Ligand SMILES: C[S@@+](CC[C@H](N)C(=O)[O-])C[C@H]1O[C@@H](n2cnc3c(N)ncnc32)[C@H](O)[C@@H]1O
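The chain below stands alone, shown as structure tokens; this is the form predicted on its own.
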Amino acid sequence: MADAGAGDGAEFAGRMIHMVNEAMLALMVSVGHRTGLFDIMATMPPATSAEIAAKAALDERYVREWLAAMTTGRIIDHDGATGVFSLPADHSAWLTRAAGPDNIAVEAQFVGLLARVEDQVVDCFRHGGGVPYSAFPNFQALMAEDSGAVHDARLISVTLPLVPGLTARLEQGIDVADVGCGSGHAINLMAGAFPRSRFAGFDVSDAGLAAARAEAASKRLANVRFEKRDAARLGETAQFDFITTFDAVHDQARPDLVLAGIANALRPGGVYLCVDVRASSTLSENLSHPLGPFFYTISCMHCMTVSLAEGGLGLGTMWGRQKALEMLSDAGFTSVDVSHVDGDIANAYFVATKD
């Protein structure tokens, strides 16, 4: 590897070396999350690799090498004299399942997931087209884990109250739909919290719908149903008082048809809550976005390419506020308020109504 300490561009070379190190470290963070090592170490006093491996029921040699990566990456502390390792509490607060929506280790899983389709995406650069959704077998499960913690912490108490008067209406009993419901956790949470209202979840994924129905059954929810439905062919007219989408518009093949179908499905006085990526539609205004490279990469490697694979618009993850407002207006919504939630740097909350 080139010497980054001398010559023109040394500062940039140093940045590139740091980037490659951090990228490798992200893979190891993902491994730490998936194997439960962060969760285990958060409950243990300083311990050897053998003790940590035994507690986690994992192979010691792999755990030892992982600990070495975590140590050189300054994520885990190591005492060379005693040979023990420990996870600092201020690191644990951002790396364990107990951290809930603050668990950034969940996001590290995207690195390995997207790397699986790199060859196919490179081919698209050369020949156009896209990589189909079927090439991402674990994507929905990862998204469910990612959003699930957020919904558990904020959906009922923070997100829904962004819509004026909604909580009272839900308590009285209204008809609600979640379009692109995935594994259905959000709609099941709402169904459990508001037993007088009626809920429907729509998605094209058989696996997602099966998980949604299983969760509903385990919670004995009698006021929720799930149907396989293409979001661009919703086919409902004036059936719902409240409709939600959670990060489900920007990667659709035809987001314009999705939004128009949602507008058509609302009854007079109905409300649409579109929770989607918080960004500008103008690249130069995203230069200081804290998740800019992350979102643009996910767009290139998943959201945009999945849409293009279906001959879609290829809107992309960073479609942004301006484009969202334009498309909501084109779909028939006459009033849109945009809100943000403290601590959520990823999403904007569009509350849309029509005359």
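Start at 1 with the first residue shown and count on from there. Owing to the predicted nature of the structure, the values given are computational and were not obtained by experimental measurement.
In what follows, reference is made to the form predicted together with the named molecule, a form of this protein that is not presented.
Proximity of residue 180 to the named molecule in the model of the complex falls within the 4.5 Å heavy atom cutoff. By the criterion of a heavy atom within 4.5 Å, residue 246 is counted among the residues contacting the named molecule in the model of the complex.
Among residues of the shown chain, residue 176 is not one whose heavy atoms approach the named molecule to within 4.5 Å in the model of the complex. The named molecule in the model of the complex is approached by residue 230, whose closest heavy atom lies within 4.5 angstroms of it. This chain lacks the partner; the member of 86, 103, 197, 147 within 4.5 angstroms of the named molecule in the model of the complex by a non-hydrogen atom is 147.
Site annotation in the model of the complex: the residue of 109, 92, 140, 223 reaching within 4.5 Å of the named molecule with a heavy atom is 140. Residue heavy atoms within 4.5 Å of the named molecule in the model of the complex occur in exactly one stretch of 251 to 259, 70 to 78, 159 to 167, 215 to 223, and that stretch is 251 to 259.
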